[in-house]
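Next up: just one chain, as structure tokens, the form predicted alone.
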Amino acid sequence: MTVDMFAMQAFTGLSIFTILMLMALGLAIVFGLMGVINMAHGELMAMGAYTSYGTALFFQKFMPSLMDAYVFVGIVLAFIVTSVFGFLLERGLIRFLYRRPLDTLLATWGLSLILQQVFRQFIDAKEVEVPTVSWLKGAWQVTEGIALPLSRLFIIVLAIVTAAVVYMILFRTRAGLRIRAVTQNRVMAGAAGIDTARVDALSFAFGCGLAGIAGSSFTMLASTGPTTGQQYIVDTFIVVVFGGVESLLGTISSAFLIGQMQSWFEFGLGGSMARASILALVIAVLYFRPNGLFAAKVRR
């Protein structure tokens, strides 16, 4: 294998890693903090993608001269829309189902089906494409045989910035301190005066917002349809469980490992065999480390 081929496969794995990480960060916060199995997380990703799509249409019609800047507005709006939806979802449904994981699974799975139908009915039953801004077209020609698409480079930078912001919020702010306290010991956190219900609501909203950012970035790679989220939800759960439910570092590391494995396995084995091989490897690892590769020590 040539150096150019090796570099391109590694870059493809890095591109897969960014989407998985953005999706998994939000799910890790929701699943790790509250034990909520949110099967509608993929539809929240699609909601973020459709928000970016709507933003692009708005800029095309009313502010065409600013079209090159819609990407940033779309990312911010995707985060806001999915965060607000997540907050209302937690207050209206999820908070009544805590400590009932199977009920949350069924309820959010039903919600995912409802959202898919809403997307079909009120947006478009077919897949839609978001126009690429001029400064993200083309590729960076590193060498004669290595060309890195600018859109994928932008997503990688966005993922790094998002991960850094999440780290700063969780480990450098009082809100993050409360979240980590509730995660480690909910009873003692409540006894110390922390409003655990408020922490749950804001954390769920924040996790949903991260899914919105993932959806916004996804529009730069492929078209968006009503079932787009379902293509990633299983992989996202695998990333979270494989890395360790309560470990942010584990989630990021797991997303990187699975992204690279998917790239290399698909190159050597094909799509179906690649997914089967990854699942078999994950199952083998979880057999010996049932709490994940980087499981955090917490008290329940």
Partner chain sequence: MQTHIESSSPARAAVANVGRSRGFLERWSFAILAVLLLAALPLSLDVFRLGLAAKFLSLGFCAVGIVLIWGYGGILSLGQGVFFGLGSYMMAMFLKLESTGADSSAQALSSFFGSSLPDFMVWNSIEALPWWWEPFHHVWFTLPAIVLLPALLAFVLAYANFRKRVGGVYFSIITLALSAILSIVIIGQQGVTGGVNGINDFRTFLGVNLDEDRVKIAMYFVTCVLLLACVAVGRFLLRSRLGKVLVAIRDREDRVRFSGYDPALFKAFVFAVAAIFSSIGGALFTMQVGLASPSLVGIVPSVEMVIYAAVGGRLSLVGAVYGAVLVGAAKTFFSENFVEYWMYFIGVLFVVVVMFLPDGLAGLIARVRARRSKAPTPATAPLATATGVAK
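Numbering follows the first chain given and starts at 1. Because the structure is a prediction, the values reported are computed rather than measured.
The same protein also exists as the form predicted together with its partner chain; that form is not shown, yet it is the one meant from here on.
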Do heavy atoms from each of L97, G110 and I283 fall within 4.5 Å of its partner chain in the predicted bound form?
yes
Is there any non-hydrogen atom of Y53 lying within 4.5 Å of its partner chain in the predicted bound form?
no
Even though the partner isn't displayed, in the predicted bound form is M67 close enough to its partner chain, meaning a heavy atom within 4.5 Å?
no
Close approach of D103 to its partner chain in the predicted bound form, 4.5 Å, heavy atom
yes
With heavy atoms only and a cut-off of 4.5 Å, decide whether M188 touches its partner chain in the predicted bound form.
no
Sole residue of M63, M273, L57, L249 within 4.5 Å of its partner chain in the predicted bound form, by heavy atom
M273
Given the stretches 136 to 144, 213 to 221, 113 to 121, 159 to 167, which is the single one in contact with its partner chain in the predicted bound form, using a heavy atom cutoff of 4.5 Å?
113 to 121
Using the arrangement in the predicted bound form, list in sequence order the residues of 225 to 240 with any heavy atom within 4.5 angstroms of its partner chain.
Q230, V234, F237, I238
